[in-house]
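The form predicted alone is given below as one chain in structure tokens.
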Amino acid sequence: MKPAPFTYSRPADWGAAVALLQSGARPVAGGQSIGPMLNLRVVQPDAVADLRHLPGFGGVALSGGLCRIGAGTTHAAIEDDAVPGRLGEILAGVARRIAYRPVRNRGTIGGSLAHADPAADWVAVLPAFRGSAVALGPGGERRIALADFVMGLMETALRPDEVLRAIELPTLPAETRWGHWKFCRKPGEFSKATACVLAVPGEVPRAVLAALDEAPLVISDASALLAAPEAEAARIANAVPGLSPWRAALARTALKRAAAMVLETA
């Protein structure tokens, strides 16, 4: 199929990009999500604004214990160690399991997060970190806790006149332990259950259960999960409303395996 007619714009700077959003344009970066949606006419915007060339949209910068990742940074760049240190090791491990390399070459971390497909990898992983999504609108930058960013099925905390400009994550000590497990019936497919557990020395461990057809479930204190993975994973999965028996079983398994990965490195 072919998309419905639309106007293509390439804003000269961030101010022009925000102005285009205010006029109703749809932002686009790698195009790995919006491209198929345009072709299938699931979305039919009057205009799209191409953000790929804007300064700071891609790339990584460190400052004061924070790592700022431009929303336009590709999965492939993260896979190839664009992010330094222990944080980079964790993110690279996630990135290399996203779809296939041609998709990772164009798909972006910000595009995935802002698209808010419940089964997407960054939607499932980023809420585990005590970081922020940096939104840009007419009033300047606004920070949104990553745990609160995805609000539902393809629904985020972004306002209509805002664009996701960057993700800010705290740098991590080398001793940080991490577990991440997702179930896909074949490589490159969207997950049917994803869980991750993050244990930073001196902090309460956190966990996320995702691919639930709704916003990810953020477990702000995963101490019980690490203490009794079998029982706690069952309790958490059974408390998620609307899960079919097989989805609940996958959710339990995802949580148990992510917790086991952390415990194995203790």
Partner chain sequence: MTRLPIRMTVNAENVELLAEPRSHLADLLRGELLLTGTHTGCEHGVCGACTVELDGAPARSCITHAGACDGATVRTIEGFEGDAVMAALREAFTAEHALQCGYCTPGMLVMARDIVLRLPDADEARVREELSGNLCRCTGYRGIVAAVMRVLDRRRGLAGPAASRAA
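Positions refer to the first chain, counted from 1. The structure presented is a predicted model; accordingly, all values stated were derived computationally and were not measured.
Heads up, the form predicted together with its partner chain isn't pictured, but that's what we're talking about next.
This chain appears without its partner; in the model of the complex, the one residue of Leu209, Ala215, Cys67, Leu38 with a heavy atom within 4.5 Å of its partner chain is Leu38. Interface residue among Arg96, Arg130, Arg142, Arg86, judged by heavy atoms within 4.5 Å of its partner chain in the model of the complex: Arg96. Per the 4.5 Å heavy atom criterion, its partner chain in the model of the complex is contacted by stretch 48 to 56, the sole one of 219 to 227, 234 to 242, 48 to 56, 200 to 208. Residues Ala12, Ala147 and Glu168 are none of them found to lie within 4.5 Å of its partner chain in the model of the complex, as judged by heavy atom distances.
Taking the partner from elsewhere, Ala82 is found to have every heavy atom lying beyond 4.5 Å of its partner chain in the model of the complex. Proximity of Val103 to its partner chain in the model of the complex falls within the 4.5 Å heavy atom cutoff.
Contact check for Pro138: no non-hydrogen atom falls within 4.5 Å of its partner chain in the model of the complex.
In the model of the complex, its partner chain lies within 4.5 Å of some heavy atom of Pro187. The partner is not shown here, and in the model of the complex the stretch 207 to 231 never reaches within 4.5 angstroms of its partner chain through any heavy atom.
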